[in-house]
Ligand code: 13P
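Below, in structure tokens: the form predicted alone, a single chain.
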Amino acid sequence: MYFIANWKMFGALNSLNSLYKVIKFSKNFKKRKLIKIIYCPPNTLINQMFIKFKNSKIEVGAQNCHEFDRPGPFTGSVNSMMLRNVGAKYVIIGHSENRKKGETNKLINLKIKSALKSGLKIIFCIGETIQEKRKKITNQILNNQIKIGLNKIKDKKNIIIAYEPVWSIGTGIIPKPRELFETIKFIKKKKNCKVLYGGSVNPKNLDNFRSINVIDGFLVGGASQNPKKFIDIIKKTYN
């Protein structure tokens, strides 16, 4: 099971001090061999986090990358090679917050190709809006995102899909268990790979997900910024 902490625009150097709790937990947890913990902080903390986790099995990822994999005149941008160079092993691509700002499926496809070329593993986010859900075209939207986003990518062993319904992110609203089961099953039929769930995941609502045996882990936003909450999510997954 994957437990991915997406810190979003959160964290300063002193935020790393609390991570010793997660490191200690990851070493002592009885089912530690069954879990993979990945932290995706802002770019400013990737290297420090990589150093912090060096003697643990916790890995580090980034939250996005530029589609161009070589140096170029792109002020403020960071490419996949640069991320790899500072210790990232994963990168989140296609998050709805970036799609909202104009990232298209074609651009996401270029970013995934670039990141794979640099040796990064991909956390590929897909999900429908509330309007698309109401129109009952969720599967159509997800199929389109997968088809274009992974176009001409033959080897998909380094790609994890994170299903994040846009209407659930940061709202506290989560899909009904049966609905989520069917959606994840649909995604797995399209692409045989690990599929995580993301969207308002926290320790209080985790019981709603435990019965859904097709989920391969969680992409956790706000709750992952608090070590206790993040640890509780992992614990409750197995209790």
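Keep in mind that this is a model prediction, so the values were computed, not measured. Throughout, we count residues from 1 along the sequence that is shown.
The form predicted together with the ligand exists for this protein as well; it is not shown, and the discussion that follows is about that form.
The shortest heavy atom separation between Glu132 and the ligand in the predicted complex exceeds 4.5 Å.
Although the partner is absent here, Glu164 lies within 4.5 Å of the ligand in the predicted complex, judged by heavy atoms. The shortest heavy atom separation between Val22 and the ligand in the predicted complex exceeds 4.5 Å.
For the chain shown alone, Leu107 is not a contact residue for the ligand in the predicted complex, no non-hydrogen atom being within 4.5 angstroms. Partner proximity in the predicted complex, defined as non-hydrogen atoms within 4.5 angstroms of the ligand, places exactly one of 193 to 201, 30 to 38, 64 to 72, 208 to 216 at the interface: 193 to 201. For the candidate spot formed by Asn6, Ser168 and Gly222, every residue has a non-hydrogen atom within 4.5 angstroms of the ligand in the predicted complex.
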